[in-house]
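Only one chain is given next, in structure tokens, and it is the form predicted on its own.
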Amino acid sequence: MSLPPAVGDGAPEIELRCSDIPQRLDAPAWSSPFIDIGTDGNVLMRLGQHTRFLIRGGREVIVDEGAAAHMPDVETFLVGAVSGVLLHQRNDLALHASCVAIDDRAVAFVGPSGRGKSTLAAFLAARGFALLTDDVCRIVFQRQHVCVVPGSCRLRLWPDAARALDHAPETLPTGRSGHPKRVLVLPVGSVDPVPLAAVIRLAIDTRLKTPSLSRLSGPASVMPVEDLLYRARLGRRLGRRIPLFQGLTRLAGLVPVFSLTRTGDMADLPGLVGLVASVMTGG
């Protein structure tokens, strides 16, 4: 597996083990075709065709023992959806973001799926910037500073994005059974939190001829929250509606938030580097 190494010699923060787990929770407080939430806040997730996870108290993840033959699926879900549940259970703030470090400061690209977060992060990483995390971005507040905690260095790319980055999609492993996205695993960089210098909200407008960048303020910087938070609806189901909004507003009060609208054409990627650099230098 390509998970980052553990740091330190103390007791693990999260226990991961395999065991037989049920298809459904008994008398859940809330349920959907894919998720049951218990009255105690535990979460049972049914993901893909072969994998089930039981996540308890932000400290324990049980993988159904029948999923052992499908490790690529298990790893993809562990660093994505399962990590998001753990962070909600631990009352952490998790952005739906890919993040790179530029001159020892982090920039987070946020937005719903399909906006190009992983593609832009991969493009910047190919030009020498360190990837900090993809898809799930844990935020911590240290006094009056905001930091990104490094996470997964597995980038999941659509085939056209892989080709735009000079990777033959057929040479990259798949992240999930039957899914076209491919996985590009990059070296693990920093394991320590990195100061967050900017949040960039990504959008796509195919009518544009060139990318557009603007600074956001007020409600526009944090609304709608579903565009910024990882699995915001699940967080609300776990009773975190107010803490999540408070965390976002605190973040926006300490870190500048920008809107970067792409053309939707992979050819605009080189031009985005200059726009991201201008954000980091205050230009």
Partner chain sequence: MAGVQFGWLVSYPKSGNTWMRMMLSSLMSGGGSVDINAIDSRIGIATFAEMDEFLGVESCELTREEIAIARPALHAAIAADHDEPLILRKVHDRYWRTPSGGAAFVPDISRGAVYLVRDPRDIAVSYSHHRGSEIDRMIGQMADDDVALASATLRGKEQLPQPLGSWNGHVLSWLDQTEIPTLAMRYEDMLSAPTACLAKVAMHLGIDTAEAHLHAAVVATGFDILSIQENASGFRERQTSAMAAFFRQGRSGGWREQLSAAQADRIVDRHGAVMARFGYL
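These numbers come from a predicted model, not from an experiment. Numbering follows the first chain given and starts at 1.
Beyond what is shown, the protein has a form predicted together with the partner chain; the following relates to that form.
For the candidate set Pro193, Gly80, Pro169, Pro211, a heavy atom within 4.5 Å of the partner chain in the predicted bound form is found for exactly one residue, namely Gly80. Only one of the listed residues (His70, Arg56, Arg52, Arg237) places a non-hydrogen atom within 4.5 angstroms of the partner chain in the predicted bound form, and that residue is Arg237. By the criterion of a heavy atom within 4.5 Å, Arg143 is excluded from the residues contacting the partner chain in the predicted bound form. Heavy atoms of Gly264 reach within 4.5 Å of the partner chain in the predicted bound form, making it an interface residue. None of the heavy atoms of Pro173 is located within 4.5 Å of the partner chain in the predicted bound form. Contact annotation for Glu226: at least one heavy atom lies within 4.5 Å of the partner chain in the predicted bound form. No residue of the trio Asp92, Arg201 and Gly274 has any heavy atom within 4.5 Å of the partner chain in the predicted bound form. Contact with the partner chain, judged by heavy atoms within 4.5 Å in the predicted bound form, is confined among 110 to 118, 125 to 133, 143 to 151, 97 to 105 to 110 to 118. Along 230 to 250, these residues reach a heavy atom to within 4.5 Å of the partner chain in the predicted bound form: Tyr230, Arg231, Ala232, Arg233, Arg236, Arg237.
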